[in-house]
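What follows is a single chain, given as structure tokens, in the form predicted on its own.
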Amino acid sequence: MPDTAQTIWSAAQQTLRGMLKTELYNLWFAPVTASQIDGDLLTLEVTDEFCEFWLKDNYLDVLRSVVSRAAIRPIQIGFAVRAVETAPSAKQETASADVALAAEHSAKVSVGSVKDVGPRKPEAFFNPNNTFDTFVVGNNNQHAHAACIAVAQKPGLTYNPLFLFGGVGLGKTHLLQAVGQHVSANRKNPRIGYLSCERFTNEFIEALQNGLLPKFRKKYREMDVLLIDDVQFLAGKERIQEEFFHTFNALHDAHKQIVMTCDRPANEIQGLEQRLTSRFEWGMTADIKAPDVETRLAILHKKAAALSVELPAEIITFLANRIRTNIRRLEGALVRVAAYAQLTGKQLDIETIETLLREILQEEGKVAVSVGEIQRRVADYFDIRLADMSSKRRPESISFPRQIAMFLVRQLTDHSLSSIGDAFGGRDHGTVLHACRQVRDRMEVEAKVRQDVGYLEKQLTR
């Protein structure tokens, strides 16, 4: 029946309305409609790609739960962006630039294609939850947080460029958007560009194909603040690096603020030109590490308060102790637990939580291993002393197991090459990089090496 999809969604919305704060529900869930249900797939229509990304990233598990409960059977969720009218009204025409852009932006894409013209409202491009007020500060990110506040208060004058690096899900994008939102709120008509490095690349290629390079260059080289996510995407792309080099220089020479995020230090981006590496290190470099348990507890309490849910203290503590390396995963686990508690009404216990979060806990276990544990396991396996992991001894029977240990640390943890070198007797990042390549090359041609490394990896991630 044509109204079946909407009937299910209406019932699910009733549940969501009771679970969430009114302003949160009205902002993200009230505008969503259900377009169709095909078998066990319910397609929800959203206003734009940003809304789709945000719902997928933050509430997909909750949506599956409430919809499945409404349908009384397991239901999967799909998304479709609502079509934009081709003949806009006079009111729409007065805001044509914002409307045209709304269908294109996403959580990491805040500047439209080079064909777009007209003023933008920067705050429309950011997740409203990603502000300095909602960011939980701990020992792992205190330096990065302070640097971002300094930059947001005096863009172009303090720490330019600002280069943030750290593992996935640790808050780099949150801080990047917080800078943009602070500048937007406190400066008159700032020109803010916020986008991923991949989008910068795609727009450049589009401009090149369509003869719009002058427009592309004017657009980005006249920004007041340029916020670039995931600059490691530049690796190995010589033509894009050339373009970004000149964009960087134009902005820096004009004292305009540049903030970049990356998953590693600039000097560890393979295939990045030295002139870019040196420029990325001109200003301030700030590392964001995995949060300690106190910070994880604070994050969980703040997220629970935002969702207006109360969970037993032992459950919060369990989550903080078991999910240690990824804030996004930590918050996602909390959302899933909260949704389960509210939808089922059952009493929560650790056994139930372990079953509910089985996949998340398994994934977390893959990266929760320490450098010391890897060194110990490898030393035991090859029957060498643990002290040889950091010694200067170079016989093959010692040096290659040491290289395998470096390789496994690089594969199974978020440690940088420099920090890995420090853990292996103060070796430099080039030595670690060489070790990883050596192991990888030998794994391709030697079955015994593949078996040894594979066995150790399974033991460490079991």
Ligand code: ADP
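None of the values given here were measured: they were computed from a predicted structure. Quick note: we count residues from 1 along the sequence shown, nothing fancier.
Just so it is clear, the following notes concern the form predicted in complex with adenosine-5'-diphosphate (ADP), a form of the same protein that is not shown.
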Can all three of G167, T173 and E331 be found with a heavy atom no more than 4.5 Å from adenosine-5'-diphosphate (ADP) in the predicted bound form? yes
Distance check, I299 to adenosine-5'-diphosphate (ADP) in the predicted bound form, heavy atom within 4.5 Å: yes
Partner proximity in the predicted bound form: Q257 to adenosine-5'-diphosphate (ADP), non-hydrogen atom cutoff 4.5 Å: no
Does T355 reach adenosine-5'-diphosphate (ADP) in the predicted bound form, with heavy atoms at most 4.5 Å apart? no
M284: heavy atom within 4.5 Å of adenosine-5'-diphosphate (ADP) in the predicted bound form? no
Note which of I77, V369, A71, V136 lies within 4.5 Å of adenosine-5'-diphosphate (ADP) in the predicted bound form, where distance is taken over heavy atoms; exactly one does. V136
In the predicted bound form, the one of L195, I327, A338, A152 near adenosine-5'-diphosphate (ADP) [non-hydrogen atom within 4.5 angstroms]: I327
In the predicted bound form, which of 173-181, 356-364, 236-244, 378-386 comes within 4.5 Å of adenosine-5'-diphosphate (ADP) (heavy atoms)? 173-181
